[in-house]
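The chain below stands alone, shown as structure tokens; this is the form predicted alone.
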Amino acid sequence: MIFKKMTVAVLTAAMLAGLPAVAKEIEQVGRQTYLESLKDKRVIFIPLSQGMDLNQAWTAVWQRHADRYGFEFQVRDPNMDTAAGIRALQGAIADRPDVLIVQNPDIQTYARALKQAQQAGIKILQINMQSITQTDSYVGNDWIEMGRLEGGELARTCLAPDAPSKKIVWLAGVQTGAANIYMRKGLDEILAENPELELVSDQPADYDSEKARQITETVLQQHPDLCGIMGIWDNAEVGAGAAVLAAGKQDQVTIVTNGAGAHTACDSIDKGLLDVVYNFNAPIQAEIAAQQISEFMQHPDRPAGSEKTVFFGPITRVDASNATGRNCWTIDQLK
């Protein structure tokens, strides 16, 4: 018995003595490789304009990741000037970042420069607005689905027995923009499935709230029994909402749009300027893109353009019943 107790004591002491040595050797599988693959890399983002809420959300999340993992993140803002955007792209190609993120103004303008960037060996992520040139990755909306969601919302409302009419309006964005082209396809599918719906106006508001207001004001004069309006960006459609309120038709006309999920959209719903916003949650898009960026950096052996992936983010329907909390982020919450 005495010998057995001494043996246990000796073994226990040996195990305790060995613990610090074991702890020094513990390493989470893959962690060090991950950290080293991101450190000191460089990412350049060329947006449409940093004046938009979705752009501010994306950059807040990406800057947080850059600070956490030690890579450099630059924003080169052309401020809605496509010529400046092309110059920014050419400058980025010359600077050879590890990853280039691009928000396209339309499907054609940057197409050639994106091909040049890939031929130079730069991996490219397109965010939410696609070019006709497919690159390594696209992260953003399924815009055809968005067109179907908004068109379907108006079909349910304006084909109901108590609807004021079957008349609807499409407030487009920039006609050559990918979001506009694909959303219109989704709307066309809904119109084909519901031939009773009557599209009485299809005009571009160019993401401009004042232009949206003027178009809506004119349409309401031509069609005082208008039932619904669908648009492409909540910050523009508040102009349509202002025209509907001024005409006293807020209980008649349903306004449906989409947006990044900022608190301003929830405020517009509270004020009665908008009825439904399909929220594509820009912070979640940014997190998906951050995952893609880190994957690029972990696989420098894969040539630019050798793999082409697409990631569609989630969409949440927001109205007066749920315009609160996580459906209404602020920039300060993302930093």
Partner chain sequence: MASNVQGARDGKVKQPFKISQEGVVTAIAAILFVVFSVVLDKFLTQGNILALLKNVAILGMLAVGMGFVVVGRGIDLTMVAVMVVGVAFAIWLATQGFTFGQAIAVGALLVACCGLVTGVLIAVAEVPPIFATLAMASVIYGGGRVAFNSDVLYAPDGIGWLTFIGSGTVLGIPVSVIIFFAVATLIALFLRFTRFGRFVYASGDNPDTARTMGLPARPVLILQYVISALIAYAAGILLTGLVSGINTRLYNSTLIYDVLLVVVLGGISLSGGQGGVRNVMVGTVLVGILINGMTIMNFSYTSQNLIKSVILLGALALDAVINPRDEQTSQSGDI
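Numbering follows the first chain given and starts at 1. Fair warning: this is a prediction, and the values are worked out from it, not measured in the lab.
In what follows, reference is made to the form predicted in complex with the partner chain, a form of this protein that is not presented.
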Query raised in the report: Taking heavy atoms and a 4.5 Å cut-off, does residue 273 contact the partner chain in the model of the complex?
Result: yes
Query raised in the report: How about residue 208: is it within 4.5 Å of the partner chain in the model of the complex, going by heavy atoms?
Result: yes
Requested in this report: Mark residue 119 yes when one of its heavy atoms lies within 4.5 Å of a heavy atom of the partner chain in the model of the complex, and no otherwise.
Outcome: no
Query raised in the report: Using heavy atoms and a 4.5 Å limit, would one call residue 51 a contact residue for the partner chain in the model of the complex?
Result: yes
Report summary line: Residue within 4.5 Å of the partner chain in the model of the complex by heavy atom, from 182, 138, 233, 73, is 233
Query raised in the report: Between the options 214, 165, 90, 108, which residue brings a heavy atom to within 4.5 Å of the partner chain in the model of the complex?
Result: 214
Query raised in the report: Among 80, 204 and 222, does every residue place a heavy atom within 4.5 Å of the partner chain in the model of the complex?
Result: yes
Report task. Choose from 279-287, 65-73, 302-310, 42-50 the stretch whose residues reach within 4.5 Å of the partner chain in the model of the complex, heavy atoms counted. Result -> 42-50
Query raised in the report: Is any part of 286-303 within 4.5 angstroms of the partner chain in the model of the complex by a non-hydrogen atom, and which residues would that be?
Result: none
